[in-house]
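Taking the form predicted alone, here's one chain by itself in structure tokens.
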């Protein structure tokens, strides 16, 4: 099992990778994962492996992505991989081991086996689900300004997003709730920005027939 764990770091979508020390593909970057335990279901196993191997415990959303079964996906004995998409909020700061790092999805280092393909599939799944579900909650901190949320959506979608349209889009689907609080004013002063939260922090389908589209 493998997990493509995505998070927005410094306004850019990143994936968590670790550097292999052994052949095959020594020194290449790989997705964290491992073998399903005899008494575990796949979700429990994947969360355990992320916690034990790369010290990531703040996974806000985890779902099965796909099964990768190409006969030549790795040298040696054939191995089939069940891949997962995991999302970590932007304000989480797990203490990853020295051989592990957050890497920009758009500029991946040389990856092991078919792990680059898995990362691209995870990004596409996330981009699709941002349109018709509330999955943005898994990228966002518990409370946020619309400006902050725009940065997260833009990073995940790969193109700029108008904050007013984003707020309207999410509010019409009942995803956003005003907290009544406001963010501290910035260095230039001005009116403090209102803080919002997602109504639910569990995955919900909000409109299965709607899709975000890049600006023309």
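In this text, rigid core is short for the largest set of C-alphas that superpose within 1.5 Å between two forms. This one's a predicted model, so the numbers in the text were calculated from it and none came from an experiment. Residue numbers count along the first chain shown, from 1.
Absent from the display: the form predicted together with another copy of the chain. The rest refers to it.
Contact between residue 182 and another copy of the chain in the predicted bound form is not found at the 4.5 Å heavy atom cutoff. Proximity of residue 70 to another copy of the chain in the predicted bound form falls within the 4.5 Å heavy atom cutoff. Not displayed here, another copy of the chain is approached by residue 64 to within 4.5 Å at the level of heavy atoms in the predicted bound form. Heavy atoms of residue 130 reach within 4.5 Å of another copy of the chain in the predicted bound form, making it an interface residue. Put simply, of 156, 176, 161, 54 only one has a heavy atom within 4.5 Å of another copy of the chain in the predicted bound form, and it is 161.
The stretch among 109-117, 87-95, 140-148, 70-78 whose residues place heavy atoms within 4.5 Å of another copy of the chain in the predicted bound form is 70-78.
Using a 4.5 angstroms heavy atom cutoff to another copy of the chain in the predicted bound form, none of 50, 99 and 192 count as contacting. Residues of 1-40 that come within 4.5 Å of another copy of the chain in the predicted bound form, judged by any heavy atom, are 36, 37, 38, 39, 40 in sequence order. When the rigid core is held fixed, the Cα atom of residue 207 travels less than 2 angstroms between this form and the one not shown.
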